[in-house]
Every structure is written in C-alpha cells, then in structure tokens.
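Quick setup: the structure tokens below cover two forms of a single protein chain, split into structure 1 and structure 2.
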Structure 1
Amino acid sequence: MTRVLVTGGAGFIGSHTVDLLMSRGHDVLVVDDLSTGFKANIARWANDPKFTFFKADITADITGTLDQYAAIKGPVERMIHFAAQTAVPLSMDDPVGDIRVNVMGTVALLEYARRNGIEKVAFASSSAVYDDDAPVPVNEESRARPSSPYGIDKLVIEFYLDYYARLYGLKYTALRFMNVYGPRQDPKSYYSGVISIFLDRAVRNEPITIFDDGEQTRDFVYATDVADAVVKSCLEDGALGEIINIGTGVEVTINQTARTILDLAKSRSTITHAPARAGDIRRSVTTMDKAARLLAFQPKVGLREGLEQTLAWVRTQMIVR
C-alpha cells in the first residue's frame, strides 16, 4: 500500500478523498490548518493505525511535520494537494493573500516533493482558469484567461508543475474541477458552493438568493465522483503531465437547480434575484473525452440523486446542531 499525503484533507473534497484512500487500505497523512476544514470530516479514521493527522499551515515550513511522519511511518510516497484559498470573491478582495496561500504554499510543497523524491503529485486545479467567452463545452485546449485572482493562481500553479516536471522530472497530473457539490460542504462558509447554500435555505424555508438572472449554467459533479478521479490520478502512473477536466458534461442553469432543490425539499422558500457578482463565469460545462480516455473516469452520481443524498446530509446536520 502507498503512503499518501493529502493537504487540505479535512476539507470538503479532501475528506471524501481520504475516505476512499483509507477504504482501500492506504496509509494516509492529512495536513490541514482547519481554517475551512473540520476534524469531524475525518473523525471516523482517528483511531486507525493507517491514518495520521497534523494540524499545519502549508504557507509555513511543514518540512518538520513531514519529517516527523517519515520517522514513524516512512517517507510520503505520493501527494494530493487540495489546500487552498478557494473563494473567488475573497481572492478579488485580497489577491496578495490569495497568492500567499495558493501559489507560495504550493511551490513550497513542490520543493519538498522534488527534494524528497515524491513519486507523483495530483493537483486540484479549477475550471476558473477558462475564459468566460470561451465556446462551451470547454475542453482542456480551450483558452485559459481567468477572470479572478483565484483562477489566475490555479493557472500559475499548473505552469509551476510543468516547470518542475521539465527541470526535475516531477510526475504530476492536474485536475480542473467543475462545480463540486455534496455532503460536508459547509453552507455557512464564505467558501461554500451554491448548492449547499440553496439546500440549507430550502430546509429552513428561508428565501433563496440567485445572483444575476439565474440563466448562468454550471456543470455540477458529485464529491465522491471527484474523489474517485483524484485517487486514480494520484495512484496510477498514467496521465503524466496532463491537465484533465473533471465534471459530468451536463449543463444546468442555476434556476433549474434551485427549482429542483425546492421540489426535493418540499420547501416554501421564495426565490429572489440580486445583481451579478464580479468574477462569476456565465456558462460552464466540460467535455468528458480526456477524463474517460486517460483516467477511465465516468461520473456515477446524477444531479438529482446527488441532490437527494446531499439534502439527507443537510437534514442530519440540522438534527446534530
């Protein structure tokens, strides 16, 4: 079995990825500063001898943390990098802070990887790198012209990965996620996605706010499907140096999504509209050819099924609270 470092592993997508790795018997080290992640997301593994958690900030020198793990378990062999500042609006308010976390933190990890012989890095990139005016569906060859500092940082890191591959032979795969949703996405967080917010409002029968006219589209992909793609990209030696879109290939409007949520939740929530937010992409959907060909990736969870499962999780959280 492989020793895998998962940065941001207590977060939304990261914790689902940890679940999959652990269920397959790998040794997993999670490094997370818990600024947006929660230990509750990974609590089920706390007493498993194959699981290790360190609270640490990737913008600090985490070499000591990783060396401490290596002295006990052996050196990390592969790395999955989620840790990031992921809120587009926050990146626009504080681009310098965005660079500090997303670029400088990542480069520090790449330096550790190349100095310590990490076998492969899987990087969580984003569809935010694409030009808002690019023809849809986008593919991996579509023009990259980000409309936010967050998207710029993700694109910069892809260039750094290529640089480390050419100069040092670092093996990597970068995955550009479309709009990921599912259980554990905190609706009260500044980083939350539209589905988690809508579901939270719907179960409380509170008004739902849609920015712009609601006819903007997204390609919503379920968290466990994304985790499957991430684990494949990390543990398999194919797709080296590749950038791959991860979505469903299905385009749905925000209005349609809101109506489906209200129907599933049997909600009395009303829908209101607010002005469009700067940095938001108008249309977003991907082709699936490259993911299918290089990762044998096929999403298993359709949108309605995924919304039902996420709704069930939201309701359990209300009971817990």
Structure 2
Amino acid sequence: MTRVLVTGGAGFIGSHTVDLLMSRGHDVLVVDDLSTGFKANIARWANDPKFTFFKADITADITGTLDQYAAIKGPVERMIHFAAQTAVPLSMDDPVGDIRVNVMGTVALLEYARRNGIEKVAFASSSAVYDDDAPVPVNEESRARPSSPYGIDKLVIEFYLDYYARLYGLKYTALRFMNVYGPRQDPKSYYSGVISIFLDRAVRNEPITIFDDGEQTRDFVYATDVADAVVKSCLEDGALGEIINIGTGVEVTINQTARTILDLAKSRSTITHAPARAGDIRRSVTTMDKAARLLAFQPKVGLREGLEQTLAWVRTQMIVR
C-alpha cells in the first residue's frame, strides 16, 4: 500500500481519484484549498484512518504540512497533482494570477518532490495545450500551441516535469484530458462543462442553449475512467516521462449530447441556439493508441451509461438543495 498525496483531491476529478485510491487500501493525503472543491466530495472518507485532509493552498509553503503528515504516517511516496485554477476564461482575465497558482504552485511541489525523494508524480494536463487546428483525431505528436494562459500553464508544467526528470531523475507521467464529465462536476459557473450545464437545465425543465449549429464535436470521458488512468499512471512505474491523451476516441456532436440528455431526463426543456462561442474548437477527439499501449487504458463507461449515472447524481443534489 502506498502513501499518496493528491493535490486538488476535493475537486471533481480529484475526488473520484481519491475514491479509487481509498477503495484499494492506499493511504491518501489530500491537500486542497477548497476554492473550487468541496469537502462533501471527500466526506465519506473523513473518519477513515488511512485518510488525511489538509486545507491548504499550494502557493503557500505546504512543506510544514507535508512534514507533519510524514512525522505521523511516514513520508509521501507518490503524488497526483490536480490542484489548479482550471477556468479557461479566468486564465484570460488574470494571466498573472493564473501563473502564480498553476505554474509557481506546481514548481514548489516539484521542488518538494525532488528534495524528498517522491517516487513518481502523475500530472493532470489538458488537451487545451493543442493547436486549435490540430488534426482530427488529435494525438500526442500533434502540435502544442495553446489558445489560453491555462493551456500555456499546462504545457509549461510538462516542460518543468521533463526538466526535473532529466536533472534530478524525477519519475512522472502527464495525462492530457479530453472533456471530462460525471458526478460532482459543478454546473453553476459560466465556464462549467457543457454536460453539467445541460443536465442541470434538463432536470429543471429549463431551456438549454446550444452555441453555434451544435455540430461541433467533443470526446467526453467519464470521471471514474479518468481516475483509473490517473491511478495507473501514478502507481505503476511504466510510461515514464510520457505524455498521454486520456479520452474515449469517440466523437460526439453537441446536438447528439443534448438530445440524449433530454431523452434520459424525460425533460420538457427547449433547445435554443446562440452564436458560436469565441475561440470554440470545431472538432475534438483523441486517438487511443498511446493510452492503450502504455497504460493498458480502456474506458469502461460509455456516454449513455455515464450520462445516466450523472443524471442520477444531479437528482440527488436537487433533493439536498
């Protein structure tokens, strides 16, 4: 069993990763400032002796926190790094603040990792690093040319990982996520993922807005499948120094996605169209070869099943509110 630090572990994808690690008996330390994560996402583990939570910001010096944990449990052995400012539009409004959290916060963690001999780091990167004109399907060799400070941060961190690997022998795997969806994705902000917004509107029978003609496509991957890829890349010693796209390889239009959601929710929501959102890419889907070859990654949850499960979760949240 391994002692794993999960930064951003109270967040959407982070908490699914924590669930998987805990269910396999690992000792998990979550560091999260709860800026966009929720304690409720990890509440089920609160009384488990193998679970530790520290509310802390990665840009503050968390060395003391990690040393405190090490004194009680033993040193952190592996690290999964999710903690970030994840809103693309906010990164455009405040690129300096964005670098502070995403780049400086990460480099501080990498410094800790190399000074304390952390065995391996798994990093949550993004398909936002790719050129908008990248070929379809996109693969890991496609040109990286981010269209946002957020995408630039992720690419810069990949370079830092490579630097730490070459200079200090730090082991890592970076995963570039496609469009992740599932329970715990917060629908309430204007940069929320499309599926979380559509489900939220559908259960309330409120109108949903499709930007452009709705024939733009995405590769939607379910959060527990992403968690599976992340845990593999952290705990297995393969895929060293590799960058791997994590998606499903299935390209779906926004129109199809909306129709499936309205159908599953038996919703009376109407669909309205609005002008294309600035900077939206037209088609997005990944090849799966590298993830299959290096991580034996195979997504288990198809879109319809994933939407059903997410819908069930959205309904439980309505009762709570």
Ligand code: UD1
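The term rigid core refers to the most C-alpha atoms you can superpose between the two forms while keeping them within 1.5 Å. On a predicted model such as this, the values are computed, not experimentally measured, just so you know. Numbers follow structure 1, counted from its first residue as 1.
Exercise. Would you indicate whether the form predicted alone is structure 1 or structure 2?
Key: Looking at both copies of the chain, structure 1 is the one that matches the description.
Quiz item: Is it true that H273 shifts between structures 1 and 2 by 2 Å or more at the Cα, once the core is aligned?
Solution: Result for H273: yes, a 2 Å-plus shift.
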